[in-house]
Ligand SMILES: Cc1cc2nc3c(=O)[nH]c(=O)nc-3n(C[C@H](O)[C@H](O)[C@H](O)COP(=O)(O)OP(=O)(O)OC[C@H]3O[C@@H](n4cnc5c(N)ncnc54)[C@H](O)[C@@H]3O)c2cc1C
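Just the one chain here, the form predicted alone, laid out as structure tokens.
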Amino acid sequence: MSEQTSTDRVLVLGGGIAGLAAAWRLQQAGVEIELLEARDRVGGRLWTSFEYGPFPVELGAEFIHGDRVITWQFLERYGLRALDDPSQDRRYVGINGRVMPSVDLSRPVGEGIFAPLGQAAEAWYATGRPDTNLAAALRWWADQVGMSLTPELWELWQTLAAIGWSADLEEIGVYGEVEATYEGDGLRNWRIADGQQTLAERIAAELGAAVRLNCVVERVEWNRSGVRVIASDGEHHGRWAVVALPLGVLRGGMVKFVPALPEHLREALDGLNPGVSIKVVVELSNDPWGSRIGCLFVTEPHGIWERPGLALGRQEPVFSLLIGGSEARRLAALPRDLAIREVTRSLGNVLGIDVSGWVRRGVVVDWINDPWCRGGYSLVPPGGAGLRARFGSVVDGCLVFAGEYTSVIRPSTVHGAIESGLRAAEAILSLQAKAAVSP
């Protein structure tokens, strides 16, 4: 292997935004790179459709979360425009056949709709008690502050867990939630006017011929002298490798590492969980809610309806529903038409109208069973705090990991994934510099 890897080439495994960011930084530094991506496109969970009208519909990641995150630097580089999403100022909740402004359910704690989840986690952590799940912490916290925990409020919190963590409240660890501070990210949600996938494509265009699509990584052989990757299109050799494959793919054993990864990383991979999420996009013949509602949190199933064209002032009746947790797993097991029928019927029940005959077309995007993803963004279960940080070290001088699940402070975000890719690239550059001065 040493003879074949005498070059300082770096192999980047995975063409999601983390892998792209790592490859971009290395290439900017003059390093020879080769990026291997299993799909016929780059972006991973950045996936945009233009089939539903003159505006992008996000089939994966929806927003830029915050006005100070690193994503903005790449938007400026490529001349991409972001739009302040107006739906966040018109948030409604649909529950038990009623539709109400989300603020009506936020007033008991005086902050935004997600505030109780964070407050409960922080309060539990401050007591020094052992880690527990967010459901237990919320029940305890509600009792401490004298809040009446109604079934409606509980179902709303389950919805927030489903869309925020792609999990049920019972699956989310309190200590892991406290780790993820998102400090300094700023405010508001923003949409990329040309779609999230466009950002990935612009980075890939700059990488040029170094990007290898339809290249399925099957085996990674590694030692201190280099890395050999066996892929569907043959062998690839490099001195170092950035492993930017999704958590679900690594956990599922789809890629074999020889020798096996160190025990502390195997424990981290087994201890973290891929989130469970799907998206349903429907085009309707009529507009079921008009301009009053920007987005609609629903509790059956636990998810959130968005109007993708709203930020661009488009009124076409195209809607997307993000569903997470056990409800997503159940719906993913249904035939596509049946799943679409169920979620649109539930929407009609909340709005008090029959929309069952309004569906012109629709699609179910199943991230749970996607072969190159195997789940949504990662989450930390009870007892899993500290596992993300294990991916910050270099493995035996040749392997570096990147991806949203490796970000302690900003997991489950596009900007967290970008930062992880840049961090991995800097680790490689440090290794290269040390190798250059070694006798």
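All residue numbers refer to positions in the sequence shown, first residue = 1. If you're wondering where the values come from, they're calculated on a predicted model, not measured in any experiment.
One more form of this protein, predicted in complex with the named molecule, exists but is not displayed; see below.
Asks: Taking the named molecule as it sits in the predicted complex, is residue 388 near enough to touch it, meaning that at least one heavy atom pair lies within 4.5 angstroms?
Replies: Residue 388: no contact with the named molecule in the predicted complex.
Asks: Is residue 377 close enough to touch the named molecule in the predicted complex, meaning at least one heavy atom pair within 4.5 Å?
Replies: Residue 377: contacts the named molecule in the predicted complex.
Asks: Indicate whether the named molecule has at least one heavy atom within 4.5 Å of a heavy atom of residue 279 in the predicted complex.
Replies: Judged by the heavy-atom cut-off of 4.5 Å, residue 279 is in contact with the named molecule in the predicted complex.
Asks: Can you tell me whether residue 55 touches the named molecule? I mean in the predicted complex, with a 4.5 angstroms heavy atom cut-off.
Replies: No - in the predicted complex, heavy atoms of residue 55 and the named molecule never come within 4.5 Å of each other.
Asks: Quick check: do 85, 297 and 351 each get a heavy atom within 4.5 Å of the named molecule in the predicted complex?
Replies: Not a single listed residue reaches the named molecule in the predicted complex, so no.
Asks: By the heavy atom within 4.5 Å rule, which residue out of 169, 272, 80, 249 makes contact with the named molecule in the predicted complex?
Replies: So the residue touching the named molecule in the predicted complex, by this definition, is 249.
Asks: Look at the stretches 151-159, 212-220, 311-319, 336-344 and give the one with heavy atoms within 4.5 Å of the named molecule in the predicted complex.
Replies: Looking at the partner contacts, the answer comes out as 212-220.
Asks: Just give me the residues of 375-414, first to last, that have a heavy atom within 4.5 Å of the named molecule in the predicted complex.
Replies: Contacts from 375-414: 376, 377, 403, 404, 412, 413, 414.
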